[in-house]
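What follows is one chain in structure tokens, specifically the form predicted on its own.
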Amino acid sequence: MVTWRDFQRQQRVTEVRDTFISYLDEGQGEPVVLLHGIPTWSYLWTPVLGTLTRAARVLAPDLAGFGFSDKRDCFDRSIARQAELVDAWMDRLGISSAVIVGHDIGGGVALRLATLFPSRVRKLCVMNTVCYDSWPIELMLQFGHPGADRLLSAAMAMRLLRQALKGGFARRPPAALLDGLLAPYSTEVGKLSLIRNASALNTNLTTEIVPRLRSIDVPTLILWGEDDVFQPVSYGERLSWDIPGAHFVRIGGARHFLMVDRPHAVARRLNAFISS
């Protein structure tokens, strides 16, 4: 497996409006944009990247405030703003539309793109995504408390996150992967940025687009690790009812981080969806 340091060295950086975005850009062919969730970054997609880049141009940005993108304490990190920044980032790279794939809050960003920036989305795939009133989970509510920065050192925050994240995997994840997912937040600057990211989580930003879900008219795939303890599978089923023609697939033996629990199954489904 690629180490997080090697992965970060492969990232590019571009300015987008009043911030900067770090991102991976590998492979050739149809552009596919992978959007991660909280508290991860684009390194989350490592288990499926090798397969996807054989047939597509894969772009995986760190959302603003996450990973190695801008972490200054001076901007909006909500999924509404993230969708606007992804739209501007795609424009900056000359990508008119792409297959948009989102996980967790990245899925919330993807749903906002599909409903509010539909020209950007050629196909849509969401995985164990936040939607409706399924979020924020209790851990993120506590982490996003305004006083968390004073109460938690970076080391304490990492211990809490490491323990909590283990519940998102069907089996013990490789230690190097877990270390890598949390690496950008292990400093005081990173910890504060993650707290700001958590404080920006807002249920209203998914409930307000519910009436627009029926307007999504692109091929849509919904993949769900069926044993997810953070985002129950019933929310994925509900999405499949509300998005016309959506194809819903349960991934057995997987929890929230299905691309880690079942990388071959997820990559196979994604490749078939991208090329269909």
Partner chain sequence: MFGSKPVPIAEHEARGDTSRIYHEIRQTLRVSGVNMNFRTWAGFPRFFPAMWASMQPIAASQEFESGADHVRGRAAELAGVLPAVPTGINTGESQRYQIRQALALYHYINPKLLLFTILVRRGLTGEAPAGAPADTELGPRVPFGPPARMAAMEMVSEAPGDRRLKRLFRDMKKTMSLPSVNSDYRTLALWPDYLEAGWTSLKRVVRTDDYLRATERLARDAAIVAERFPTPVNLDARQLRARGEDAEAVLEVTHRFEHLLPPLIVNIALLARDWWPGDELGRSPFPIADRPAGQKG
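Everything quoted here is computed from the prediction, not taken from an experiment. Numbering follows the first chain given and starts at 1.
The following text describes the form predicted together with its partner chain, which does not appear among the structures shown.
Determine which one of 96-104, 201-209, 126-134, 183-191 lies within 4.5 Å of its partner chain in the predicted complex, judging by heavy atom distances; exactly one does.
In the other structure, the partner sits against 183-191.
Decide yes or no: are Asp87, Phe143 and Asn197 jointly within 4.5 Å of its partner chain in the predicted complex, with each residue judged by its heavy atoms?
No: no residue has a heavy atom within 4.5 Å of the partner.
Find out whether any non-hydrogen atom of Arg150 is located within 4.5 angstroms of its partner chain in the predicted complex, and reply yes or no.
Flag for Arg150 set to yes.
May I ask you to check whether Cys74 falls inside a 4.5 Å heavy atom distance of its partner chain in the predicted complex?
Judged by the heavy-atom cut-off of 4.5 Å, Cys74 is in contact with its partner chain in the predicted complex.
Please tell me whether any heavy atom belonging to Arg9 falls inside 4.5 Å of a heavy atom of its partner chain, as the geometry stands in the predicted complex.
Yes, Arg9 sits close enough to its partner chain in the predicted complex that at least one of its heavy atoms falls within 4.5 Å.
Considering non-hydrogen atoms and a 4.5 Å limit, does its partner chain approach Phe230 in the predicted complex?
Taking the distances in the predicted complex, the answer for Phe230 is no, it never comes within 4.5 Å of its partner chain.
What are the residues of 6-30, in order along the chain, with a heavy atom within 4.5 Å of its partner chain in the predicted complex?
Counting only heavy atoms within 4.5 Å of its partner chain in the predicted complex, the contacting residues of 6-30 are Gln8, Arg9, Gln11, Arg12, Val13, Glu15, Arg17, Asp18, Thr19, Phe20, Ser22.
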